[in-house]
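Quick heads-up: it's one chain on its own, the form predicted alone, in structure tokens.
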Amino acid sequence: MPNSPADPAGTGLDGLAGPDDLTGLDDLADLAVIGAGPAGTAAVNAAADLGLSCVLLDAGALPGGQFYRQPAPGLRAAEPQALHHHWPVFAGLLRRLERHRAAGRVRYLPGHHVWSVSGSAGQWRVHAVGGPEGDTALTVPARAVLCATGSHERQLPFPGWTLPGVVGAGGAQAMLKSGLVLPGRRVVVAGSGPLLLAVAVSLARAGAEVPLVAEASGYAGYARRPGALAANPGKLAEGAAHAAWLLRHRVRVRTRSAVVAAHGGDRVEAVTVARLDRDWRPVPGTGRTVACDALAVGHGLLPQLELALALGCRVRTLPDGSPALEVDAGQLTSVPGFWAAGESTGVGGAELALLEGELTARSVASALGRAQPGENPGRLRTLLRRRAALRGFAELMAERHRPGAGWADWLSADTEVCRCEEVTAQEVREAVDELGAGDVRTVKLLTRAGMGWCQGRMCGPAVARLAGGDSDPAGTRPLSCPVPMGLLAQGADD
């Protein structure tokens, strides 16, 4: 597709802006894909290649998910590829998607939040809300469903984390990618996980001063699994490139260190950074103050599982303690007719998500009797082998950056753990120590932690750990996003 002033990079984004005509959505599609990130986009393209009729629903205004988040068309970004890795892969996905859409093989519905999935294999109904006010109901019938809902950031609270200017590490990157803005001019990057290095490089390249990257874990432990590193030389090279760039530009990286407090009035003005012991407890006497006007902090990513859990899909526990969907070799969950790919099966990056999306399409086509004769078995073996290698590296990352139990020592009694309901660490601890709460649900009933607008996405991991566990997938609510009561009432009348 040739470049145009509205589409300077030749991605096809201008053609993909806006939903397709909703006429005819009552027809039973072969596959409904929830999420237009790398996994969902790869799956819908591969499924359409195999002759399946598909509907692609996504909450975003443009395809790409969090990894390939795009600037709004109105910003007229001249070089959006400068903010991304592997841009040609993404551009190719978009061109394929537009061709399938033009041919009628794919119906693309951006700006639609899927709040529930009902039915069973062969007769699924995907329920979504859309429209400018989020008050337009939509139901898509499909023979098979793919959950490619991605992930969200894990946040661990500390004194001052609610100050303006404190944002998620992924959130800072999203601001840059979609809004072309920086969270501040002098930004400390902190938390744990490989994302921190990428965020620091992106912010610094965009003009921010990054005085420090504080990594609560370390990188030396990766060497204990040489097999996983050898099987993924690209991952090792990417990490080394980020580290080398930061070194050249004099951005200091401190491992075994964390921001344990943020300070300021109307917004953050400085942070306290302390050394951590092996259990992530601050080492006394090591705290020092770093001036900044923004803090980008995050402790990895958590799979987004609400839709799948509401259907009863089985989960497994990842090495960092977080839950992920259990799938077979073809990405099929424990619920017949319901597949999952990408971060919902365990956070592993865009390359893994792309592979799992293609594997899902092949698996769905086979289940629906649409497998192509003479299909190249070598391609399938390559996909399975590469998926195993990438999944092994993902497990290594989760293991090396698992939050230590001592992080709770960062908290003061009045630190808000649940921001929405303003529940403090002391209130959660009293519920556990004095009132006998032993799980997230009981803590929620006693304190209202997790009952606010985010439905526990921000505070859930912290509350669970203060209650003595890692996570509580059973505590997920049946509606994955807010739904107007009027729409629910209409559904009941139907």
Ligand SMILES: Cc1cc2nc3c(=O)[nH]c(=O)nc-3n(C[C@H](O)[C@H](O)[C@H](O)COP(=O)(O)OP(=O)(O)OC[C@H]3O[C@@H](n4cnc5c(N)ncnc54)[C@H](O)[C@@H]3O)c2cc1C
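Residue numbers here begin at 1 and follow the sequence given. The shown structure was predicted, so the numbers you read here are calculated from the model rather than taken from an experiment.
There is another form of the same protein, the form predicted in complex with this ligand; it is not shown, and what comes next is about it.
**Student:** Though this ligand is not shown, can you say which of P403, P157, G170, P303 has a heavy atom within 4.5 Å of it in the predicted complex?
**Tutor:** Going through each option in turn, the one that passes is G170.
**Student:** Quick check on this chain: which one of V443, I34, A462, L31 has a heavy atom within 4.5 Å of this ligand in the predicted complex?
**Tutor:** Selected residue: I34.
**Student:** Look up in the predicted complex whether M451 has a non-hydrogen atom within 4.5 angstroms of this ligand, and give yes or no.
**Tutor:** Contact check for M451: no, nothing within 4.5 Å of this ligand in the predicted complex.
**Student:** Evaluate A353 for contact with this ligand in the predicted complex, applying a 4.5 angstroms cut-off between non-hydrogen atoms, and reply yes or no.
**Tutor:** Yes, A353 sits close enough to this ligand in the predicted complex that at least one of its heavy atoms falls within 4.5 Å.
**Student:** Hey, in the predicted complex, is V271 touching this ligand, heavy atoms inside 4.5 Å?
**Tutor:** Output for V271 is no: heavy atoms all beyond 4.5 Å of this ligand.
**Student:** Is V428 close enough to this ligand in the predicted complex to count, meaning some heavy atom within 4.5 Å?
**Tutor:** Although this ligand is absent here, V428 would stay clear of it in the predicted complex, with no heavy atoms inside 4.5 Å.
**Student:** Which single stretch, out of 383-391, 172-180, 247-255, 286-294, brings residue heavy atoms within 4.5 Å of this ligand in the predicted complex?
**Tutor:** Looking at the other structure, the answer is 172-180.
**Student:** Are there residues in 36-55 with a heavy atom within 4.5 Å of this ligand in the predicted complex, and which are they, in order?
**Tutor:** In sequence order, A36, G37, P38, A39, G40 come within 4.5 Å of the partner.
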